[in-house]
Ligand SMILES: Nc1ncnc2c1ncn2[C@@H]1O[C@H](COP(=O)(O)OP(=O)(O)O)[C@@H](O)[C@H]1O
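Shown next as C-alpha coordinates: one chain only, the form predicted on its own.
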(Lines give C-alpha, C1' and ligand atoms only; values in the text may rest on other atoms or scores of the structure.)
Protein backbone atom coordinates (compact mmCIF):
# COMPACT_ATOMS: atom_id res chain seq x y z
CA UNK A 1 0.00 0.00 0.00
CA UNK A 2 2.91 2.39 0.76
CA UNK A 3 4.33 3.79 -2.46
CA UNK A 4 7.99 3.81 -3.50
CA UNK A 5 9.59 6.66 -5.44
CA UNK A 6 12.83 5.63 -7.13
CA UNK A 7 15.47 8.04 -8.42
CA UNK A 8 16.61 6.87 -11.84
CA UNK A 9 20.23 7.35 -12.85
CA UNK A 10 23.48 5.63 -13.85
CA UNK A 11 22.69 2.30 -12.17
CA UNK A 12 18.96 2.25 -12.93
CA UNK A 13 18.38 3.65 -16.41
CA UNK A 14 18.42 0.63 -18.72
CA UNK A 15 15.05 -0.75 -19.87
CA UNK A 16 15.75 -4.09 -18.13
CA UNK A 17 16.58 -2.54 -14.74
CA UNK A 18 13.61 -0.12 -14.89
CA UNK A 19 11.29 -3.04 -15.73
CA UNK A 20 12.62 -4.92 -12.69
CA UNK A 21 12.15 -1.79 -10.53
CA UNK A 22 8.52 -1.41 -11.67
CA UNK A 23 7.84 -5.09 -10.96
CA UNK A 24 9.51 -4.74 -7.54
CA UNK A 25 7.09 -1.92 -6.64
CA UNK A 26 8.35 1.47 -7.88
CA UNK A 27 5.39 3.67 -8.87
CA UNK A 28 7.05 7.08 -9.34
CA UNK A 29 10.34 7.76 -11.15
CA UNK A 30 12.28 10.77 -9.89
CA UNK A 31 14.62 12.66 -12.23
CA UNK A 32 17.18 14.67 -10.27
CA UNK A 33 18.21 17.74 -12.27
CA UNK A 34 21.08 18.66 -9.92
CA UNK A 35 23.28 16.55 -12.22
CA UNK A 36 23.12 15.15 -15.75
CA UNK A 37 22.07 16.86 -18.97
CA UNK A 38 18.62 17.32 -20.47
CA UNK A 39 19.50 14.73 -23.14
CA UNK A 40 20.70 12.22 -20.53
CA UNK A 41 17.40 12.44 -18.61
CA UNK A 42 15.41 12.27 -21.86
CA UNK A 43 17.17 9.04 -22.81
CA UNK A 44 16.39 7.58 -19.38
CA UNK A 45 12.74 8.63 -19.73
CA UNK A 46 12.42 6.96 -23.15
CA UNK A 47 13.69 3.76 -21.50
CA UNK A 48 11.11 4.22 -18.72
CA UNK A 49 8.31 4.53 -21.32
CA UNK A 50 9.42 1.26 -22.94
CA UNK A 51 9.55 -0.44 -19.54
CA UNK A 52 6.03 0.82 -18.68
CA UNK A 53 4.74 -0.54 -21.99
CA UNK A 54 6.42 -3.93 -21.46
CA UNK A 55 5.31 -4.39 -17.84
CA UNK A 56 1.89 -2.66 -18.23
CA UNK A 57 2.55 -0.90 -14.90
CA UNK A 58 1.71 2.80 -14.58
CA UNK A 59 4.54 5.07 -13.45
CA UNK A 60 4.45 8.80 -12.70
CA UNK A 61 7.28 11.27 -13.42
CA UNK A 62 8.79 13.62 -10.84
CA UNK A 63 11.20 16.42 -11.77
CA UNK A 64 13.44 17.34 -8.85
CA UNK A 65 14.75 20.92 -8.99
CA UNK A 66 18.27 21.99 -8.01
CA UNK A 67 17.20 24.98 -5.91
CA UNK A 68 19.64 27.22 -3.99
CA UNK A 69 22.20 24.46 -3.56
CA UNK A 70 25.75 25.33 -2.53
CA UNK A 71 28.28 23.42 -4.60
CA UNK A 72 31.99 22.88 -4.47
CA UNK A 73 33.47 22.60 -7.97
CA UNK A 74 36.36 20.22 -8.62
CA UNK A 75 37.24 20.69 -12.29
CA UNK A 76 40.24 18.35 -12.32
CA UNK A 77 38.15 15.57 -10.66
CA UNK A 78 41.21 14.50 -8.65
CA UNK A 79 40.36 13.17 -5.15
CA UNK A 80 40.88 15.79 -2.44
CA UNK A 81 42.29 14.55 0.88
CA UNK A 82 41.42 16.69 3.91
CA UNK A 83 43.10 16.10 7.27
CA UNK A 84 41.50 16.76 10.67
CA UNK A 85 42.62 20.06 12.31
CA UNK A 86 43.99 21.45 9.00
CA UNK A 87 42.54 24.68 7.57
CA UNK A 88 40.79 25.00 4.23
CA UNK A 89 39.48 28.12 2.46
CA UNK A 90 36.08 28.26 0.74
CA UNK A 91 36.30 30.86 -2.06
CA UNK A 92 33.79 32.13 -4.65
CA UNK A 93 36.69 32.41 -7.15
CA UNK A 94 35.71 29.49 -9.42
CA UNK A 95 38.82 29.93 -11.59
CA UNK A 96 40.88 28.34 -8.80
CA UNK A 97 41.65 24.61 -8.74
CA UNK A 98 40.11 22.62 -5.90
CA UNK A 99 42.75 21.26 -3.49
CA UNK A 100 43.22 20.37 0.19
CA UNK A 101 43.82 24.10 0.88
CA UNK A 102 41.13 25.72 -1.33
CA UNK A 103 37.58 24.70 -2.27
CA UNK A 104 35.88 26.96 -4.89
CA UNK A 105 32.10 27.34 -4.39
CA UNK A 106 29.25 28.64 -6.58
CA UNK A 107 28.04 31.35 -4.14
CA UNK A 108 29.63 34.78 -3.72
CA UNK A 109 27.95 35.87 -0.46
CA UNK A 110 28.89 32.99 1.83
CA UNK A 111 31.32 35.18 3.82
CA UNK A 112 28.44 37.60 4.65
CA UNK A 113 26.07 34.75 5.57
CA UNK A 114 28.26 32.83 8.03
CA UNK A 115 29.96 33.77 11.30
CA UNK A 116 32.71 32.27 13.44
CA UNK A 117 31.71 28.89 14.93
CA UNK A 118 29.16 28.02 12.20
CA UNK A 119 29.40 24.53 10.72
CA UNK A 120 29.52 23.71 7.01
CA UNK A 121 29.15 20.18 5.72
CA UNK A 122 30.62 19.09 2.38
CA UNK A 123 29.80 15.71 0.85
CA UNK A 124 29.55 13.90 -2.46
CA UNK A 125 26.09 13.46 -4.10
CA UNK A 126 23.57 13.25 -1.29
CA UNK A 127 24.87 13.36 2.27
CA UNK A 128 25.30 9.83 3.52
CA UNK A 129 26.68 10.81 6.88
CA UNK A 130 29.65 8.56 6.12
CA UNK A 131 32.57 10.40 7.66
CA UNK A 132 35.16 9.12 5.20
CA UNK A 133 33.52 10.64 2.10
CA UNK A 134 32.11 13.80 3.67
CA UNK A 135 33.65 16.44 5.87
CA UNK A 136 32.57 18.80 8.67
CA UNK A 137 34.10 22.27 8.60
CA UNK A 138 33.95 24.90 11.34
CA UNK A 139 34.17 28.57 10.34
CA UNK A 140 37.27 30.18 11.90
CA UNK A 141 37.12 33.61 10.22
CA UNK A 142 36.12 35.41 7.02
CA UNK A 143 38.52 37.43 4.85
CA UNK A 144 36.80 39.48 2.16
CA UNK A 145 34.74 36.92 0.23
CA UNK A 146 36.73 33.94 1.52
CA UNK A 147 35.68 31.75 4.43
CA UNK A 148 38.52 30.10 6.36
CA UNK A 149 37.51 26.85 8.07
CA UNK A 150 38.98 24.25 10.36
CA UNK A 151 38.56 20.64 9.19
CA UNK A 152 36.88 18.53 11.91
CA UNK A 153 37.40 15.03 10.45
CA UNK A 154 39.76 13.41 7.95
CA UNK A 155 38.02 12.53 4.68
CA UNK A 156 38.61 12.15 0.95
CA UNK A 157 36.27 13.97 -1.43
CA UNK A 158 36.08 12.22 -4.82
CA UNK A 159 34.28 13.29 -8.00
CA UNK A 160 33.63 16.54 -9.86
CA UNK A 161 30.87 18.00 -7.71
CA UNK A 162 30.22 18.15 -3.98
CA UNK A 163 27.26 19.65 -2.21
CA UNK A 164 27.83 22.01 0.71
CA UNK A 165 25.31 22.73 3.43
CA UNK A 166 25.79 25.53 5.94
CA UNK A 167 23.89 24.67 9.11
CA UNK A 168 21.06 27.13 9.94
CA UNK A 169 22.39 29.80 7.58
CA UNK A 170 20.11 31.73 5.21
CA UNK A 171 21.31 31.53 1.59
CA UNK A 172 19.80 34.36 -0.45
CA UNK A 173 19.52 32.51 -3.73
CA UNK A 174 16.09 32.05 -5.41
CA UNK A 175 14.32 28.76 -4.60
CA UNK A 176 13.51 28.25 -8.28
CA UNK A 177 16.74 28.99 -10.15
CA UNK A 178 17.04 29.99 -13.81
CA UNK A 179 18.28 26.49 -14.69
CA UNK A 180 15.21 25.02 -12.93
CA UNK A 181 12.87 27.28 -14.92
CA UNK A 182 14.64 26.23 -18.09
CA UNK A 183 14.33 22.51 -17.19
CA UNK A 184 10.58 22.87 -16.54
CA UNK A 185 10.00 24.91 -19.71
CA UNK A 186 11.80 22.40 -21.96
CA UNK A 187 12.07 18.92 -20.45
CA UNK A 188 9.02 19.32 -18.20
CA UNK A 189 6.70 20.55 -20.96
CA UNK A 190 7.93 17.98 -23.46
CA UNK A 191 7.24 15.12 -21.06
CA UNK A 192 4.06 16.34 -19.30
CA UNK A 193 5.58 15.88 -15.83
CA UNK A 194 3.23 14.79 -13.04
CA UNK A 195 5.15 16.27 -10.10
CA UNK A 196 7.70 18.98 -9.40
CA UNK A 197 9.71 18.34 -6.26
CA UNK A 198 10.72 21.83 -5.11
CA UNK A 199 14.10 21.61 -3.37
CA UNK A 200 14.82 23.83 -0.34
CA UNK A 201 11.24 25.18 -0.04
CA UNK A 202 11.44 27.96 2.56
CA UNK A 203 8.11 29.84 2.28
CA UNK A 204 4.61 29.33 0.88
CA UNK A 205 5.56 32.07 -1.60
CA UNK A 206 8.08 29.66 -3.18
CA UNK A 207 5.28 27.23 -3.99
CA UNK A 208 3.06 30.01 -5.38
CA UNK A 209 5.90 31.18 -7.63
CA UNK A 210 6.34 27.68 -9.09
CA UNK A 211 2.59 27.36 -9.63
CA UNK A 212 2.57 30.63 -11.52
CA UNK A 213 5.51 29.41 -13.61
CA UNK A 214 3.80 26.08 -14.40
CA UNK A 215 0.55 27.78 -15.41
CA UNK A 216 2.33 29.38 -18.38
CA UNK A 217 2.74 25.98 -19.98
CA UNK A 218 -0.66 24.55 -21.01
CA UNK A 219 -0.99 21.07 -19.54
CA UNK A 220 1.50 21.72 -16.73
CA UNK A 221 -1.20 23.63 -14.83
CA UNK A 222 -2.24 20.09 -13.76
CA UNK A 223 1.26 19.26 -12.42
CA UNK A 224 1.39 18.87 -8.64
CA UNK A 225 4.02 20.60 -6.50
CA UNK A 226 5.69 18.72 -3.65
CA UNK A 227 7.55 21.00 -1.25
CA UNK A 228 10.85 19.52 -0.12
CA UNK A 229 11.58 20.57 3.45
CA UNK A 230 15.35 20.58 3.93
CA UNK A 231 16.20 23.31 6.44
CA UNK A 232 15.10 25.20 9.54
CA UNK A 233 13.55 27.97 7.43
CA UNK A 234 11.22 25.45 5.81
CA UNK A 235 10.33 24.09 9.26
CA UNK A 236 9.45 27.53 10.61
CA UNK A 237 6.96 28.11 7.78
CA UNK A 238 5.80 24.48 7.59
CA UNK A 239 2.09 25.15 8.18
CA UNK A 240 1.76 27.77 5.45
CA UNK A 241 3.84 25.65 3.02
CA UNK A 242 1.59 22.64 3.69
CA UNK A 243 -1.48 24.73 2.91
CA UNK A 244 -0.06 25.80 -0.45
CA UNK A 245 1.70 22.60 -1.64
CA UNK A 246 0.10 19.40 -2.98
CA UNK A 247 2.39 17.20 -0.88
CA UNK A 248 5.48 17.30 1.35
CA UNK A 249 8.86 15.58 1.04
CA UNK A 250 10.84 15.41 4.28
CA UNK A 251 14.44 15.54 3.14
CA UNK A 252 16.04 14.06 6.22
CA UNK A 253 19.57 14.06 4.80
CA UNK A 254 19.74 17.84 4.83
CA UNK A 255 17.48 18.26 7.86
CA UNK A 256 19.87 16.08 9.85
CA UNK A 257 22.56 18.68 9.16
CA UNK A 258 20.42 21.76 9.80
CA UNK A 259 18.88 20.32 12.97
CA UNK A 260 20.60 18.56 15.87
CA UNK A 261 20.22 14.81 15.09
CA UNK A 262 18.15 14.21 18.22
CA UNK A 263 15.44 16.60 16.97
CA UNK A 264 14.86 15.04 13.52
CA UNK A 265 12.47 12.28 14.70
CA UNK A 266 10.25 14.80 16.47
CA UNK A 267 9.86 16.95 13.39
CA UNK A 268 9.23 13.85 11.25
CA UNK A 269 6.35 12.72 13.47
CA UNK A 270 4.81 16.19 13.78
CA UNK A 271 5.07 16.91 10.04
CA UNK A 272 3.56 13.54 9.08
CA UNK A 273 0.65 14.06 11.45
CA UNK A 274 -0.07 17.47 9.91
CA UNK A 275 0.10 16.05 6.36
CA UNK A 276 -2.22 13.17 7.30
CA UNK A 277 -4.80 15.49 8.82
CA UNK A 278 -4.65 17.77 5.79
CA UNK A 279 -5.08 14.73 3.52
CA UNK A 280 -1.88 15.54 1.63
CA UNK A 281 0.80 12.96 0.80
CA UNK A 282 3.86 12.80 3.06
CA UNK A 283 7.06 11.38 1.60
CA UNK A 284 10.12 10.33 3.65
CA UNK A 285 13.67 10.19 2.24
CA UNK A 286 17.01 8.67 3.29
CA UNK A 287 15.85 5.42 4.82
CA UNK A 288 18.23 2.66 3.67
CA UNK A 289 21.51 4.46 2.89
CA UNK A 290 23.62 1.38 3.55
CA UNK A 291 21.88 -0.42 0.65
CA UNK A 292 23.77 1.87 -1.73
CA UNK A 293 26.66 -0.59 -1.35
CA UNK A 294 25.19 -3.66 0.37
CA UNK A 295 22.29 -5.99 -0.51
CA UNK A 296 20.76 -5.78 3.00
CA UNK A 297 19.73 -2.83 5.17
CA UNK A 298 20.91 -2.47 8.76
CA UNK A 299 18.48 -3.39 11.56
CA UNK A 300 18.11 0.30 12.45
CA UNK A 301 17.23 1.18 8.85
CA UNK A 302 14.63 -1.60 8.59
CA UNK A 303 13.06 -0.34 11.82
CA UNK A 304 13.18 3.23 10.50
CA UNK A 305 11.23 2.28 7.34
CA UNK A 306 8.58 0.49 9.43
CA UNK A 307 8.28 3.46 11.80
CA UNK A 308 7.84 5.85 8.86
CA UNK A 309 4.87 3.72 7.73
CA UNK A 310 3.43 3.60 11.27
CA UNK A 311 3.86 7.40 11.52
CA UNK A 312 1.70 7.80 8.40
CA UNK A 313 4.06 8.10 5.42
CA UNK A 314 2.39 7.77 2.01
CA UNK A 315 5.60 7.04 0.15
CA UNK A 316 9.27 6.28 0.68
CA UNK A 317 11.71 8.12 -1.60
CA UNK A 318 14.91 6.31 -2.54
CA UNK A 319 17.75 8.57 -3.71
CA UNK A 320 21.35 7.37 -3.88
CA UNK A 321 20.16 3.80 -3.23
CA UNK A 322 18.61 3.51 -6.72
CA UNK A 323 20.45 6.34 -8.49
CA UNK A 324 24.00 5.03 -8.10
CA UNK A 325 23.49 2.13 -5.68
CA UNK A 326 24.64 -1.33 -6.65
CA UNK A 327 21.31 -3.02 -5.78
CA UNK A 328 18.45 -0.79 -7.03
CA UNK A 329 15.93 -3.63 -7.53
CA UNK A 330 16.76 -5.37 -4.23
CA UNK A 331 16.39 -2.05 -2.42
CA UNK A 332 12.90 -1.42 -3.80
CA UNK A 333 11.80 -4.97 -3.06
CA UNK A 334 13.25 -4.93 0.50
CA UNK A 335 11.65 -1.56 1.35
CA UNK A 336 8.34 -2.85 -0.06
CA UNK A 337 8.46 -5.96 2.16
CA UNK A 338 9.18 -3.88 5.28
CA UNK A 339 6.31 -1.48 4.45
CA UNK A 340 3.96 -4.42 3.94
CA UNK A 341 4.81 -5.88 7.37
CA UNK A 342 4.31 -2.50 9.05
CA UNK A 343 0.92 -2.02 7.34
CA UNK A 344 -0.32 -5.28 8.92
CA UNK A 345 0.06 -3.79 12.41
CA UNK A 346 -0.99 -0.22 11.56
CA UNK A 347 -3.63 0.82 14.09
CA UNK A 348 -6.31 1.96 11.66
CA UNK A 349 -9.14 2.37 14.18
CA UNK A 350 -7.16 4.77 16.40
CA UNK A 351 -6.10 6.74 13.33
CA UNK A 352 -9.69 6.84 11.99
CA UNK A 353 -11.09 8.23 15.26
CA UNK A 354 -8.28 10.80 15.45
CA UNK A 355 -8.93 12.00 11.88
CA UNK A 356 -12.70 12.25 12.33
CA UNK A 357 -12.14 14.22 15.55
CA UNK A 358 -9.63 16.51 13.85
CA UNK A 359 -11.95 17.25 10.90
CA UNK A 360 -14.73 18.09 13.36
CA UNK A 361 -18.37 18.88 12.62
CA UNK A 362 -20.13 19.75 10.44
CA UNK A 363 -18.10 17.75 7.91
CA UNK A 364 -18.07 18.76 4.27
CA UNK A 365 -20.26 16.67 1.96
CA UNK A 366 -17.29 14.91 0.29
CA UNK A 367 -15.47 14.30 3.58
CA UNK A 368 -18.51 12.61 5.14
CA UNK A 369 -18.98 10.38 2.07
CA UNK A 370 -15.28 9.39 2.11
CA UNK A 371 -15.22 8.58 5.83
CA UNK A 372 -18.52 6.65 5.54
CA UNK A 373 -17.15 4.59 2.64
CA UNK A 374 -14.07 3.63 4.69
CA UNK A 375 -16.11 2.87 7.80
CA UNK A 376 -18.53 0.70 5.79
CA UNK A 377 -15.66 -1.14 4.06
CA UNK A 378 -14.04 -1.97 7.40
CA UNK A 379 -17.33 -3.04 9.03
CA UNK A 380 -18.29 -5.43 6.19
CA UNK A 381 -14.67 -6.58 5.72
CA UNK A 382 -14.70 -5.49 2.07
CA UNK A 383 -11.74 -6.64 -0.01
CA UNK A 384 -11.54 -3.40 -1.99
CA UNK A 385 -13.09 0.08 -2.28
CA UNK A 386 -13.89 1.19 -5.84
CA UNK A 387 -14.19 4.96 -6.26
CA UNK A 388 -15.17 6.84 -9.42
CA UNK A 389 -13.54 10.24 -9.69
CA UNK A 390 -12.59 12.78 -12.33
CA UNK A 391 -10.28 15.07 -10.35
CA UNK A 392 -8.88 12.37 -8.05
CA UNK A 393 -10.13 14.33 -5.02
CA UNK A 394 -12.66 11.69 -3.89
CA UNK A 395 -9.98 8.98 -4.02
CA UNK A 396 -7.53 11.16 -2.05
CA UNK A 397 -10.15 11.81 0.63
CA UNK A 398 -10.88 8.08 0.97
CA UNK A 399 -7.14 7.40 1.28
CA UNK A 400 -6.93 10.11 3.96
CA UNK A 401 -8.90 7.79 6.29
CA UNK A 402 -6.32 5.03 5.65
CA UNK A 403 -8.59 2.07 4.79
CA UNK A 404 -6.98 -1.32 5.42
CA UNK A 405 -7.94 -2.51 1.92
CA UNK A 406 -6.76 -1.19 -1.48
CA UNK A 407 -8.66 1.67 -3.11
CA UNK A 408 -9.25 1.19 -6.84
CA UNK A 409 -9.51 4.73 -8.13
CA UNK A 410 -11.28 4.74 -11.50
CA UNK A 411 -10.52 8.10 -13.09
CA UNK A 412 -13.24 9.10 -15.56
CA UNK A 413 -11.70 11.43 -18.17
CA UNK A 414 -13.31 14.85 -18.63
CA UNK A 415 -13.60 16.55 -21.98
CA UNK A 416 -12.76 20.24 -21.70
CA UNK A 417 -12.41 23.03 -24.24
CA UNK A 418 -10.84 26.46 -24.28
CA UNK A 419 -12.80 27.52 -27.42
CA UNK A 420 -9.81 26.61 -29.62
CA UNK A 421 -9.29 22.94 -28.92
CA UNK A 422 -10.79 20.04 -26.99
CA UNK A 423 -8.70 18.07 -24.54
CA UNK A 424 -9.18 15.13 -22.18
CA UNK A 425 -8.09 15.47 -18.56
CA UNK A 426 -7.60 12.32 -16.56
CA UNK A 427 -4.16 10.91 -17.34
CA UNK A 428 -2.45 13.35 -14.91
CA UNK A 429 -5.04 12.68 -12.21
CA UNK A 430 -4.64 8.90 -12.54
CA UNK A 431 -0.83 8.99 -12.36
CA UNK A 432 -0.84 11.46 -9.46
CA UNK A 433 -2.64 8.86 -7.31
CA UNK A 434 0.54 6.75 -7.59
CA UNK A 435 2.15 8.66 -4.74
CA UNK A 436 -0.71 8.15 -2.25
CA UNK A 437 -0.83 5.23 0.16
CA UNK A 438 -3.32 2.55 -0.79
CA UNK A 439 -4.63 4.01 -4.07
CA UNK A 440 -4.34 1.99 -7.28
CA UNK A 441 -5.48 4.12 -10.22
CA UNK A 442 -7.09 3.10 -13.51
CA UNK A 443 -7.97 5.40 -16.37
CA UNK A 444 -11.46 4.60 -17.66
CA UNK A 445 -12.56 4.52 -21.28
CA UNK A 446 -14.80 7.61 -21.63
CA UNK A 447 -17.14 5.66 -23.94
CA UNK A 448 -18.15 3.20 -21.21
CA UNK A 449 -20.90 4.13 -18.74
CA UNK A 450 -19.95 3.97 -15.05
CA UNK A 451 -22.52 1.24 -14.51
CA UNK A 452 -25.18 -0.41 -16.60
CA UNK A 453 -28.16 -2.70 -16.28
CA UNK A 454 -27.86 -3.62 -19.93
CA UNK A 455 -26.02 -6.94 -20.27
CA UNK A 456 -24.51 -6.13 -23.65
CA UNK A 457 -22.93 -2.83 -22.62
CA UNK A 458 -19.71 -3.33 -20.63
CA UNK A 459 -19.53 -0.90 -17.74
CA UNK A 460 -16.47 0.72 -16.18
CA UNK A 461 -17.38 -0.96 -12.87
CA UNK A 462 -17.18 -4.39 -14.51
CA UNK A 463 -13.80 -3.48 -16.05
CA UNK A 464 -12.55 -2.36 -12.62
CA UNK A 465 -13.78 -5.60 -11.04
CA UNK A 466 -12.10 -7.69 -13.73
CA UNK A 467 -8.89 -5.76 -13.14
CA UNK A 468 -9.16 -6.48 -9.39
CA UNK A 469 -9.76 -10.18 -10.05
CA UNK A 470 -6.78 -10.37 -12.42
CA UNK A 471 -4.58 -8.65 -9.81
CA UNK A 472 -5.75 -11.18 -7.20
CA UNK A 473 -7.32 -8.65 -4.82
CA UNK A 474 -10.96 -9.58 -5.59
CA UNK A 475 -12.14 -13.18 -5.15
CA UNK A 476 -15.55 -14.88 -5.45
CA UNK A 477 -18.02 -14.06 -2.59
CA UNK A 478 -16.04 -10.92 -1.65
CA UNK A 479 -17.74 -7.71 -0.63
CA UNK A 480 -16.89 -4.52 -2.42
CA UNK A 481 -17.69 -0.93 -1.46
CA UNK A 482 -18.41 1.37 -4.39
CA UNK A 483 -18.33 5.15 -4.04
CA UNK A 484 -19.68 7.14 -6.96
CA UNK A 485 -21.74 10.12 -8.06
CA UNK A 486 -25.22 9.45 -9.42
CA UNK A 487 -26.59 12.66 -10.84
CA UNK A 488 -25.87 15.32 -8.22
CA UNK A 489 -25.71 12.99 -5.26
CA UNK A 490 -22.85 10.82 -4.00
CA UNK A 491 -23.64 7.21 -3.22
CA UNK A 492 -21.81 4.58 -1.17
CA UNK A 493 -23.02 1.04 -1.75
CA UNK A 494 -21.94 -2.47 -0.86
CA UNK A 495 -21.87 -5.19 -3.52
CA UNK A 496 -21.59 -8.86 -2.67
CA UNK A 497 -20.02 -10.90 -5.44
CA UNK A 498 -21.27 -14.26 -6.56
CA UNK A 499 -19.01 -16.82 -8.22
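Residue numbers count along the first chain shown, from 1. Note that this is a predicted model, so its numbers are computed, not measured.
The same protein also exists as the form predicted together with the named molecule; that form is not shown, yet it is the one meant from here on.
- This chain is displayed without the named molecule, yet in the predicted bound form the stretch 392-400 from 139-147, 392-400, 268-276, 106-114 comes within 4.5 Å of it by heavy atoms.
- Contact with the named molecule in the predicted bound form, defined as a heavy atom within 4.5 Å, is made by none of 176, 203 and 227.
- Note on the partner interface in the predicted bound form: the residue among 184, 210, 302, 412 having a heavy atom within 4.5 angstroms of the named molecule is 412.
- In summary, among the residues 335, 135, 374, 387, the only one with a non-hydrogen atom within 4.5 Å of the named molecule in the predicted bound form is 387.
- In the predicted bound form, the named molecule sits within 4.5 Å of a heavy atom of residue 485.
- Among heavy atoms of residue 14, none comes within 4.5 Å of the named molecule in the predicted bound form.
- Taking the partner from the other structure, the named molecule in the predicted bound form has no heavy atom within 4.5 Å of any heavy atom of residue 189.
- Shown alone here, residue 232 lies farther than 4.5 Å from the named molecule in the predicted bound form, counting heavy atoms only.
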